[in-house]
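First, one chain by itself in structure tokens, the form predicted alone.
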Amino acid sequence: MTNQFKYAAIECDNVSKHYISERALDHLDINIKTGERLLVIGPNGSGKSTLINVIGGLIRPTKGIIRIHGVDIHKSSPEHRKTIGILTHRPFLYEDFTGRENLTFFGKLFNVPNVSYRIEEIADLFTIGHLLDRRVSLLSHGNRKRLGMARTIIHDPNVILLDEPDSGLDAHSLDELGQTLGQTLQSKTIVLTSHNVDWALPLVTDVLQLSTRQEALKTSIREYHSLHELRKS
């Protein structure tokens, strides 16, 4: 049995992240199973972006441990980190490079075989073929986001972390992104944040509700809908 199936895909064990003037996360314990798709919701300041960043290894928690397939992400090898793809509010693209040059660079960084073919495959997936030979500095926010999504998954990661992937996208691009997340990436473990809850809910299996005052609550999508129906009645 491989680590991917022996352990939870993501474990947050008593994770806290404190900044000078605030506590973004406080004693968070969650397990995310392989293949689970988790929507993280909550008001501004509840720690949604912080959670994405600590799971992805971009920042260290003040306390606690984050494990990806049983391995502490902050003590893991570069090879193990390649199992993760992350999209933050910054798309991590080089402004002076074209879309193709960016994807080629990151593809080679992750030792993706036959990078040129993979780029064309990803371009079809996100309908960005027309962006590949344009310089990133000339792209709109929405098109940078789409190219950033392609960069996120070019190495076919098992765990995909998306911080508001829908922001800045028009209705057509939102529909395309929803189809990609709901169908093509169906076997992946996905954690995403979004303020557009109505768009995101059909894409996920579970919901994590963060709050600045109450303990975090993780529910299945069915339990989430049941709770909201009770609150309405």
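Throughout, we count residues from 1 along the sequence that is shown. Everything numeric in this text was worked out from a predicted model, so none of it was measured.
The form predicted together with adenosine-5'-diphosphate (ADP) is left out here; the points below concern that form.
Undergrad: So adenosine-5'-diphosphate (ADP) isn't shown here. In the model of the complex, which residue out of Thr50, Ser194, Thr180, Ser173 has a non-hydrogen atom within 4.5 Å of it?
TA: Flagged contact: Thr50.
Undergrad: Only one of Gly35, Gly168, Gly45, Gly70 gets a heavy atom within 4.5 Å of adenosine-5'-diphosphate (ADP) in the model of the complex. Which one?
TA: Spelling it out, the residue with a heavy atom inside the cut-off is Gly45.
Undergrad: Given that adenosine-5'-diphosphate (ADP) is not shown alongside this chain, does Glu22 nevertheless sit within 4.5 Å of it in the model of the complex, heavy atom to heavy atom?
TA: The answer is yes: Glu22 has a heavy atom within 4.5 Å of adenosine-5'-diphosphate (ADP).
Undergrad: Given that the partner is absent here, state which listed stretch (198-206, 22-30, 181-189, 60-68) has heavy atoms within 4.5 Å of adenosine-5'-diphosphate (ADP) in the model of the complex.
TA: One stretch meets the cut-off, namely 22-30.
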